[in-house]
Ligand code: UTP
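First, one chain by itself in structure tokens, the form predicted on its own.
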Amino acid sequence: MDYKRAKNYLALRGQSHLLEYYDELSEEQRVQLLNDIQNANFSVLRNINKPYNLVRKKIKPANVVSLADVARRRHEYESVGMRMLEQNKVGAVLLAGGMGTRLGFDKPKGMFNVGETRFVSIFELLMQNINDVVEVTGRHFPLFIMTSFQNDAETRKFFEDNNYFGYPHDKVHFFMQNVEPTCDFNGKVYLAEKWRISFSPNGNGGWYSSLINAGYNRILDSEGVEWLNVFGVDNVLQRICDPAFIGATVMSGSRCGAKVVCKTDPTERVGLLCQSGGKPHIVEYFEMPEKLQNKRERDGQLTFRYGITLNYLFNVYDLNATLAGKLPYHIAKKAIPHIENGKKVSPEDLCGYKFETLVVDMVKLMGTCLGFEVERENEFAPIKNKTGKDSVETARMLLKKNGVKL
């Protein structure tokens, strides 16, 4: 795209201000700006006046395979899951685009050291969990790692420096998360620099479109991958490509599965796996009406008790068939650094919008989802905070309880 085309293109979209500093730029900077303009998804701005609709039908408890159910049928579930893994029908996707800001760490979150007497990163712990499955199946499944424009180079180098934690290099595939432009409250797109549009990652719901845009559908097709186990970087105890989880989901006929844990109390800050209108629905803790939040069964258990752990299993065929262009955008008000009157500013107050898609909406669009309960103390140690609940401290305690040397 040349300057003239860009000028006309932006004028039609009410974004002519993006060329305000064009005359000041070097040739290289001009090329960068024109590339940004050509690649930016300006259509996302239409969502400003089309907020995400949270209205839902009556909420009911989800269909969940309980711990007792799993114990009773574990051998059956594991047999099916093992066969799927041995036939190369399952891959994994690690969502690792975040930085360790809340931990006081200015590098990719997966590089954070959880060790006490030795250096052991979050990435190493997750890769150990993956290698546990490989030891049982004898097969290395494809592992796709989603990074961001902020941490891509550092993440790749960290894996290289650590010899991919013993995993075959040709089985690990990095890809960057797609981004969307940010804007002010009037829909005017921000500049991050005089020659760069301000972009922000498009949310954890963008993992599949980002993977496909990176061209990795060719790997899914060539290797015959039918299921993808998607997991977040936070939970250092989670089991990845767990044969029992795979087997239970496949045998249920569901299009996706979600690992869940029983809530510790009604107010715990976890999304809840429910169903609404006959479809799976993940209700965020702040959306759940207080009456339903505290509702209990005759045996004293919470009626809505299954919290998600951000560990999902998705059928690839159904992802292709149901998700194209259908994920709604969630609009988040943020304090966004930008160029103002020719200078870079970093406002403390909310000043604009970021546009994100969420994996919880993917679950709903899949139409069916099997909840699979796991033991909290064995599979749920999220690291979200520096201290207190769901922190480095609590994760270390649980890791040591599970025999991990730190």
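What you see is a predicted model; the values in this text were computed from it and never measured. C-alpha atoms forming the largest set that superposes within 1.5 Å between two forms make up the rigid core. Don't overthink the numbering: it's just position in the shown sequence, from 1.
The protein also exists as the form predicted together with the named molecule; that form is not presented, and the subsequent description refers to it.
With the partner left out here, the named molecule still marks one of 297-305, 195-203, 262-270, 181-189 in the model of the complex; by a 4.5 Å heavy atom cut-off that stretch is 195-203. This chain is drawn without the named molecule; in the model of the complex, the residue among H75, K333, K157, R102 with a heavy atom within 4.5 Å of it is R102. Interface residue among V233, V283, L85, A92, judged by heavy atoms within 4.5 Å of the named molecule in the model of the complex: V233. Using a 4.5 angstroms threshold between heavy atoms, G97 counts as touching the named molecule in the model of the complex. Residue contact with the named molecule in the model of the complex: R396 places no heavy atom within 4.5 Å of it.
Within this chain, L310 lines the site of the named molecule in the model of the complex, having a heavy atom no more than 4.5 Å away. Using a 4.5 angstroms threshold between heavy atoms, N229 stays clear of the named molecule in the model of the complex. Contact annotation for 161-183: a single residue, Q177, has a non-hydrogen atom within 4.5 angstroms of the named molecule in the model of the complex.
After superposing the rigid core, the C-alpha of K333 moves by 2 Å or more between the shown form and the other one.
The two forms, fitted on the rigid core, differ between the shown form and the other one by less than 2 Å at the CA of F380. Once the cores line up, the CA of K354 ends up 2 angstroms or more apart between the shown form and the other one.
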